[in-house]
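One chain is shown next in structure tokens, namely the form predicted alone.
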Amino acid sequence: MLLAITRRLGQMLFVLVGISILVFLIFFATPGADPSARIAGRNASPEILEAVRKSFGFDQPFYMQYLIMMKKIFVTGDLTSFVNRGWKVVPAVFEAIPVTLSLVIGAAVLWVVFGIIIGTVAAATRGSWLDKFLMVLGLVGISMPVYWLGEVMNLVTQSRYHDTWMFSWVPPLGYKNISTDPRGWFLTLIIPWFTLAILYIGLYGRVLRANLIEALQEDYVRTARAKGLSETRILLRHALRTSLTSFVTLFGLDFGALVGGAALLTEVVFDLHGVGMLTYNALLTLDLPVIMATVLYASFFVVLSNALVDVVYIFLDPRVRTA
């Protein structure tokens, strides 16, 4: 087991290095992607362009530029913005990470718990009115875009009914630090958590229900029934464990992408200045150092999530340990 985990972590590091090289080549080495022209301005003279290239090291070979940027990101941490001169990129990313992590982790807890409950109850009562009701409810959740649902939630909780007893506790939009105001942090994120989680609750519940129904037809389940085990124990102890592999795969992909910045729409709607919003603002101004840092950050979490999924597979299915 330890060898399998070590091998997957080594693959993770190899993939991250490859991603960093690819991202650097896309933004700095492709034809027409001269960063010095953007920094110097549209009507800059050739002398100014040459001075900018020398100042930022763009006159050096590409491999040296890549090594210098990696050093500034991972070693010294003094990479600065091309748009806002003197603005440190790495500290800005680290300031945005807690916002995104707070949003995504809270939403993930909700969609995992409710997704497992809905999928298990629906599979246990398949064909009944409860099963159909839960599946319709999940389909409704999947069909509602996050930005639309977020705006509706803001309209209800921040405007129309904010002064009522039901939503008077909802604070203004924004983010509060958990270390300075834990209660405010929790209250600020409750609505964004549910807004982001509703889509995934419906999706995960439907996927788990389908996997459970398929697992209940397997030979090992018939053997368990022949031994006299109860349907509840068969469902929870045998079928659910094998059905969680697809669930874990989905979770790893979705969680990694959301932590990496895919929760942008939720951050924008609720005025949460996380990694997604930081990346969006950098793309508007083509601030390449910020884009480079956030893309590497996002890649790290996506690759890390997939590596953790492989580790979880090892515990869920012993056959993977020898793969």
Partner chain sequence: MSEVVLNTVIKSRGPWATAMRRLWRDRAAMAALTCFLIILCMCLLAPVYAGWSHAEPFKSTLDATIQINGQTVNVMEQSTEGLGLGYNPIGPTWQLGNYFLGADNQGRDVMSRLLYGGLNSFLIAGAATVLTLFFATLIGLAAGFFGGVVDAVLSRVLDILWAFPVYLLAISLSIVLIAHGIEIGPITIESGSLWLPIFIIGIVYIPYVARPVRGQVMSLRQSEFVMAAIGLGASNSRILLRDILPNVATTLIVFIPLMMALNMLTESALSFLSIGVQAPDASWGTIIQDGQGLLYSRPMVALAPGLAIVLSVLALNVLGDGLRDALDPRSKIKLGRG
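Residue numbers count along the first chain shown, from 1. These numbers come from a predicted model, not from an experiment.
Not pictured, yet referred to below: the form predicted in complex with the partner chain.
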(Q) Going by heavy atom distances of 4.5 angstroms or less, which of 120, 211, 81, 102 would be at the interface with the partner chain in the predicted complex? (A) 211
Q: Given that the partner is absent here, state which listed stretch (233-241, 149-157, 179-187, 92-100) has heavy atoms within 4.5 Å of the partner chain in the predicted complex.
A: 149-157
Q: May I ask whether 62, 308 and 312 each come within 4.5 Å of the partner chain in the predicted complex, counting any non-hydrogen atom?
A: no
**Q.** Any non-hydrogen atom of residue 260 within 4.5 angstroms of the partner chain in the predicted complex
**A.** yes
Q. Using 4.5 Å between non-hydrogen atoms, is residue 9 touching the partner chain in the predicted complex?
A. no
Q: May I ask you to check whether residue 76 falls inside a 4.5 Å heavy atom distance of the partner chain in the predicted complex?
A: no
Q.
So in the predicted complex, is the partner chain close enough to residue 293 to count as touching (4.5 Å, heavy atoms)?
A. no
Q.
Need the contact residues for 281-308: heavy atom within 4.5 Å of the partner chain in the predicted complex, sequence order, or none if there are none.
A. 283, 284, 286, 295, 298, 299, 302, 303
